[in-house]
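Encoded as C-alpha cells, the following chain is the form predicted on its own, with no partner shown.
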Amino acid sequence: MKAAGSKMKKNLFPLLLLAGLALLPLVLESNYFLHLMILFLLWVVIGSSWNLLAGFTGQVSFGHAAFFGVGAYTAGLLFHHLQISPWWGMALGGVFAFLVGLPFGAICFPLRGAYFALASLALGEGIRHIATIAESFTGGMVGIMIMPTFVSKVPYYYITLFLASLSVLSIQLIMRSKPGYYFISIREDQDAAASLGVNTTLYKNVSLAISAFWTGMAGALYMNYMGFIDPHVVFSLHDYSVMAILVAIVGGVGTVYGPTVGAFIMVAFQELFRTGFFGLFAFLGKATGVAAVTALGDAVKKAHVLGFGILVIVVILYLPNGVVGDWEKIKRNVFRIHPAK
C-alpha cells in the first residue's frame, strides 16, 4: 500500500510540474524570464538526448554539437536556398541529424570508451569546418539570418515546452521497453550482453539515432527562435557538446529526470555569472562608490567557465550520481528528512 502511494506520488510530480510550466506565461510577463525558460527547455531536450546515449547506453559523446548544428542548418538552409519556411526544419532537422548519426555509428561503434568519445569529437569539429569552408552553400562565417515568425516569446515557449515534454516522455517509454533494457545491459557489460544474444552494435546505433534525432529537433527550433546561426555558434564544442555533458552530470547521469534538473541548474548558474549575480555587483559598486566592487562584477561576468568547473567538482565530490541520483542523500543531509522506519 505504501509502495503504491509512493509510486503515485512519483508519477504525479511530473504532471504537476508540466501543468505549472504550462501556466507560467499567464503569470510571468517578463520577456527576459521567458527567454531563460525557453533556453532551459531547449537544454532539457539536448541533455536528455545525450543522457540516452551516454547515461543509459554507456557511449560517451563529445559530438552532440554536430547533431544540433545539422538540425539548425537544415531549418536555415531550407529558407536560404529554397525560401521554404524554416518551421519545416522542425520536421526535417531531426531526420537529417538522424541520417548523419547512422553512418557515424556504423563506422565508429566498433570503437569503445575514450576512442569512441574522441571519434564523436572529431565528427563535431569536422562538420563545423565543412560548414565554415562551404561558403556558397552554408554562408560560411557570415551565417544565415531569418525573420522570426512571432514577435511574442509565448508561442516559442509553448512549442519548446511541447518538444521538451515529448522528448522526455519518449525516452522514459523507451527505457521501460525491451530496447531500454538492452541499452542498460550494454552500459553495464557489453561483452556479457553480446554473449546473451543482444546485438550490441544494432542497439548502440538505435540509441545514437534517437539521441541525434531529438538533438537535431532542438537545433531546428533554435534556428527558428534565435533567427541567426553560423558555424561558430551552433557547432561550438564548449557551448553544446560539453554543456550537454555538464547538464547530465549535474542533474544525474542515467536518470530520466536528471537532465531536466541539470538544465535548470546550469541555465540559472550561467545567467548568474553572465549578469554579475543579477546586477548585484553593479548595484553595490554604484551604491558604495568603490571601483573594486564594480571591477569584481566585471570579472565575475567573464568567469562562468570557472564557475561551471567548480560546480562540477562539487557535484562529483559530494553528489557523484547527480542531484536526482543522490536525492535521498540530499534529503537526509540537507533537509534532515529521514525515511520512516
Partner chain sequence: MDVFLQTLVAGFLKGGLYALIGIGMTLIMGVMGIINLAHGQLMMLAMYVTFVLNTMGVDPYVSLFVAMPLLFLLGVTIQKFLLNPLIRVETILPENQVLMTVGIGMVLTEIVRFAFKSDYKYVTTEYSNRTFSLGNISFSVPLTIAFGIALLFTLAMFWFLLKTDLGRSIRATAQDKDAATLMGVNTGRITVITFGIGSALVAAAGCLLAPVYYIFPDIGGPFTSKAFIITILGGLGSTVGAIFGGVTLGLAESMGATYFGMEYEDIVGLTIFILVLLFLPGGFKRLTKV
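Positions refer to the first chain, counted from 1. This one's a predicted model, so the numbers in the text were calculated from it and none came from an experiment. Rigid core (definition): largest C-alpha set, two forms, superposition within 1.5 Å.
The next section is about a form of this same protein that is not shown, the form predicted together with its partner chain.
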For the chain shown here without its partner, which stretch in 93 to 101, 210 to 218, 234 to 242, 160 to 168 has non-hydrogen atoms within 4.5 angstroms of its partner chain in the model of the complex?
234 to 242
Flag this candidate site as yes only if Ile107, Tyr115 and Pro320 all have a heavy atom within 4.5 Å of its partner chain in the model of the complex; otherwise mark no.
yes
Picking from Gly227, Pro155, Gly140, Gly126, the single residue whose non-hydrogen atoms come within 4.5 angstroms of its partner chain in the model of the complex is Gly126
Give me the residue from Leu272, Val290, Ile310, Leu280 that has a heavy atom within 4.5 Å of its partner chain in the model of the complex.
Ile310
Would you check, heavy atoms only and a 4.5 Å threshold, whether Ala268 touches its partner chain in the model of the complex?
no
So in the model of the complex, does any heavy atom of Phe62 sit within 4.5 Å of its partner chain?
yes
4.5 angstroms heavy atom contact with its partner chain in the model of the complex for Leu28:
no
Within a 4.5 Å heavy atom cut-off, is Lys302 in contact with its partner chain in the model of the complex?
yes
Sequence-ordered residues of 132 to 146 touching its partner chain in the model of the complex, heavy atom within 4.5 Å
Ile133
Fitting the rigid core first, would the Cα of His304 be found 2 Å or more away between this form and the one not shown?
yes
Given a core-based superposition, decide whether the C-alpha of Phe40 shifts by 2 Å or more between this form and the one not shown.
no
